[in-house]
Ligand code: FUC
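Below you'll find only one chain, the form predicted on its own, shown as C-alpha cells.
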Amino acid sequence: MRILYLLLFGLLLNILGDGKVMSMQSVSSMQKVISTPFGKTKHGESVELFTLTNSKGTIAKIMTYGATLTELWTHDKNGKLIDIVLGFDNFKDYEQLVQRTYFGSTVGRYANRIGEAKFSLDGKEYKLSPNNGQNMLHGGAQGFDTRIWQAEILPNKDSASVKFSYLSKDMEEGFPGNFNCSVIYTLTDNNELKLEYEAKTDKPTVVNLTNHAYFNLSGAGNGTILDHLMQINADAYTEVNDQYIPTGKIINVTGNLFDLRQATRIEKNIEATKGYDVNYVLQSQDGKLAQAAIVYSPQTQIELEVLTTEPGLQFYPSVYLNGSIQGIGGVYPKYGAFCLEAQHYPDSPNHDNFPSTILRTGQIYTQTTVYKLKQK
C-alpha cells in the first residue's frame, strides 16, 4: 500500500511540474513543502522555488534568490483563492527588472537607508556602497536581495518550514565581519506566515534585516490599495530630510496627518503626506512579539495583522510604481501595494538616540515578524 501511495504521489508531482520532495518530513506531513527549479541567474546559478501549503489551502512561495516571497495565496470573502503579494511567476522577470523594487526580498545587511553611505564603529569609519544618490539603500548595490541563499526544509509536524541561509563575507558592500544569517519561513495552520531571523558575526558590525513584501489585499494587480484601512500602533515617527535620511528627531503623531492609530482609509492623507514612506516608532519597544499593524480590504474582506519584535515599521505605499511592470494578476500601478517593513530605524548607526543596531562577536541577532491572515 505504501508503494502505491508513493507512486501516486510521484505522479501528482509530475502533473504539478518538475517538483521534488526535499525531505521525508514533507512526505509524512502531506507534502506541505515542495521544491521546484525556478531558473538560472545570468551567472549560471540555479534558483529553487519552495511552495509551502497549509491545511486551509493557503500557499506561500519563496525562492532562493534573495530568500524572496514571490506569492502568497489566500481566500477572499467568496472563498476564491487570490495572490496578495506582488511578484512574478518566473525568475527571468525578476532578473530583468530595470527598476529595483525588492519585491518580497529579504533585505540586508542593513535595510532602509544609511546617510552618506558611511558610519563609525569603535572609532573606525566604514565607507559603504552608495546606491541611492550618496546614500546606501537596502544593503547597497549587491544587497542580500541579489544573493543566492542556501535552503533547507525543516521537519515540522504541524506547519511547513524552510530555512534560508547566507554568509555575507567581511567587507561585502563595505560592512565589517563575516556575517552568518538565516531566515526561517513558516506557514502555520492558523494562516500565519512567520519569519524568524538569526545572525552572528566574527567582527563588530551593524545589522538591520527585514522583508520587503508588497501587499495588495484585493489581489496583486487588482487596482490600488487606496481603499484599504490601515492601522499602525505607533505614537511617533522618525523625521527625515528631503533624501529620506533621519534628522534624529522623533515626532509625535498626535494632531498630524501621520497618525494611523485608528483604522484610516489609506487614500485619506496619502497625497498630503507625500506618500507616507515613513518609519513608525512602534508602541512596543521591549523586543517582545507584539501587534504592529492591521490592514483590511473592504473589497475582499481580507485582514492582515502584522506582529513583530522590532521597534520600527516602515510604511511604504508603492509610490514609485508607475504601471510599467506586468506581474502576476496584472499591471502594478502607483499605490498598487503597500509595504510594512519591520525593522530598526533608518540610519541608526549615525544616531545615538536610536535603538542600537550594533552586533558584536559572541552575540546573536534575532528577530521575528508574523503576517497573520484573517477573513472578516
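Note that residue numbering begins at 1 and tracks the sequence as displayed. Since this is a predicted model, take the numbers as computed values, not measurements.
Another form exists, predicted in complex with this ligand; not displayed. Remarks below refer to it.
*Asks:* Can you pick the stretch from 36 to 44, 330 to 338, 313 to 321, 54 to 62 whose heavy atoms fall within 4.5 Å of this ligand in the predicted complex?
*Replies:* Among the candidates, contact is made by 313 to 321.
*Asks:* Considering non-hydrogen atoms and a 4.5 Å limit, which listed residue (Asp189, Asp202, Glu95, Asp277) is close to this ligand in the predicted complex?
*Replies:* It is Asp277.
*Asks:* Scan Leu137, Ile294, Ile266, Leu282 and let me know which has any heavy atom within 4.5 Å of this ligand in the predicted complex.
*Replies:* Partner contact (heavy atom, 4.5 Å) among the options: Leu137.
*Asks:* Do Arg113 and this ligand come within 4.5 Å of each other in the predicted complex, heavy atoms counted?
*Replies:* Residue-level check for Arg113: yes, a contact with this ligand.
*Asks:* I'd like to know whether His212 contacts this ligand in the predicted complex, with contact meaning heavy atoms within 4.5 angstroms.
*Replies:* His212: yes, in contact with this ligand in the predicted complex.
*Asks:* According to a 4.5 angstroms non-hydrogen atom cut-off, is Tyr185 in contact with this ligand in the predicted complex?
*Replies:* Outside the cut-off, so no.
*Asks:* Might Tyr102 be said to contact this ligand in the predicted complex, defining contact as any heavy atom within 4.5 Å?
*Replies:* Residue-level check for Tyr102: yes, a contact with this ligand.
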